[in-house]
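Take a look at this single chain, the form predicted alone, given in structure tokens.
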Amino acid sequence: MKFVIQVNEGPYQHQTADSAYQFTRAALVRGHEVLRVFFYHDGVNNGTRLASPPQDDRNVAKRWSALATEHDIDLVVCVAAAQRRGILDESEMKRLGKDAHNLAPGFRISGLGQLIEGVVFSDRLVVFGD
């Protein structure tokens, strides 16, 4: 089965982001394909490289980055939601005249069209969060 995962909650506010990550890992272990993980609303905060959780806590962005590298998963951060929350890649930084970017490795910024495209080519969309 081919999945697209949508994550709508931030990494440390709710269990939602952890549940999305665990579901994605479990699906891959069971031989399913995850075409894309789309981060939307506060979920875009999962993609910042500047979060510095305590040493004994999980680093959500690094976990997603490692999973994406290991399984060739497309991690897409919604451009509009990201801009509202100060999540920028180098291209958006330059375009918006900002002095820094903070998108974690393995993530990319794009639009809702990527979510729609993923849904068209997958068997299931699984949404985590409101």
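Quick note: we count residues from 1 along the sequence shown, nothing fancier. Everything numeric in this text was worked out from a predicted model, so none of it was measured.
What follows is about the form predicted together with another copy of the chain, which we do not show.
Using a 4.5 Å heavy atom cut-off, are S65, I73 and R108 all in contact with another copy of the chain in the model of the complex?
Looking in the model of the complex, the three residues S65, I73 and R108 all stay beyond 4.5 Å of another copy of the chain (heavy atoms).
Are any of the heavy atoms in A104 no more than 4.5 Å from a heavy atom of another copy of the chain in the model of the complex?
No, no contact at 4.5 Å.
My question is simply whether A51 lines the interface with another copy of the chain in the model of the complex - judged by any non-hydrogen atom within 4.5 Å.
Heavy-atom contact with another copy of the chain at 4.5 Å: present for A51.
Is E90 a contact residue for another copy of the chain in the model of the complex, using a 4.5 Å heavy atom cut-off?
No, E90 sits far enough from another copy of the chain in the model of the complex that none of its heavy atoms falls within 4.5 Å.
Quick one: does K98 come within 4.5 Å of another copy of the chain in the model of the complex, counting heavy atoms only?
K98: yes, in contact with another copy of the chain in the model of the complex.
Who in 78-96 is close to another copy of the chain in the model of the complex, meaning a heavy atom within 4.5 Å?
Going through 78-96 in order - heavy atoms within 4.5 Å of another copy of the chain in the model of the complex - the hits are Q83, R84, R85, G86, L88, L96.
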